[in-house]
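Only one chain is given next, in structure tokens, and it is the form predicted on its own.
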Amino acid sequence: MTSATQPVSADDPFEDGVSRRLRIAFVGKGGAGKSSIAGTLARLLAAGGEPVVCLDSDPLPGLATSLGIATSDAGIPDEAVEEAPEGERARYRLATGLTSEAAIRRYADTGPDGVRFLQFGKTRGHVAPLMRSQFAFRHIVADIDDTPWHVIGDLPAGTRQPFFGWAGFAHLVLVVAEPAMSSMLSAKRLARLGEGENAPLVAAIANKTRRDDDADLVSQATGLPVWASAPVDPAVREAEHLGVPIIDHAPDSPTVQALRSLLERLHNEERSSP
């Protein structure tokens, strides 16, 4: 059996090169708590003085709420998108001369602790602008390694987006799973993101645990090492009810403490890597 909450893998979850920036995608079944965890980890990273950008391809507002951004129009506007030249695979792309870094600086919202937040867009009665924004968002994500920020990405629940390349920017995929059969089955499917050449590291976060062996259960059921474990936390439910980030509502709650430990593990890995 795989031991739960293992030390970080000897493989490197950081971007290659001098900047040593994290590239993390959060995935999982709906209701597992991935948006809350992603936003809290981003806030913790930014509170330590690190530059962070959050990319939200989930049309639900969970990540913005967990960051403390009440409302956001931080999508890619029509002015930043142009039709791709004939022969290119994508139908649209970022406007000529607009780099990923410039697009993030120009169109992302800035939330508490200086976290930048960019989403691929929301429908406002018409699908066409959303489709243009979606292509531009994918263009930004494809070149994200050329930007100076740590990147935390929140993908929609399920397997569709992750297996269609939306997590392609990530060097580390964290699968958030509850110790419940449906959540663990979804996590087991998502574990396949770690297969193949140039695949990212994939690990699990056991969330909403109730028993001492729940993290081991998640690890055994998914085949993934568990890098963090957070118990059922009434403070999380209270924060969600109030519409505020858990890190602001209860900064010493078990969930926030678990993510502080995860962040320390990641920083230890950075320091130990050549």
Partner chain sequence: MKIAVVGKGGVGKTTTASVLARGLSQRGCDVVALDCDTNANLGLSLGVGLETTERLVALRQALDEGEEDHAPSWDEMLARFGADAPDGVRLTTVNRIENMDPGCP
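Positions refer to the first chain, counted from 1. Just so you know, these numbers come straight off a predicted model, no measurement behind them.
Just so you know, the form predicted together with its partner chain exists too; it's not on screen, but the next bit is about it.
A single residue from the set 51, 225, 31, 68 has any heavy atom within 4.5 angstroms of its partner chain in the predicted complex; that residue is 31. With the partner omitted from this view, the residue of 185, 131, 102, 142 that lies near its partner chain in the predicted complex is 185 [heavy atom within 4.5 Å]. Note on the interface: of 94-102, 167-175, 187-195, 78-86, the segment with non-hydrogen atoms within 4.5 angstroms of its partner chain in the predicted complex is 187-195. Taking non-hydrogen atoms only, residue 199 never approaches its partner chain to within 4.5 angstroms in the predicted complex. Using a 4.5 Å cutoff between non-hydrogen atoms, residue 160 counts as a contact of its partner chain in the predicted complex.
Contact annotation for residue 90: none of its heavy atoms lies within 4.5 Å of its partner chain in the predicted complex.
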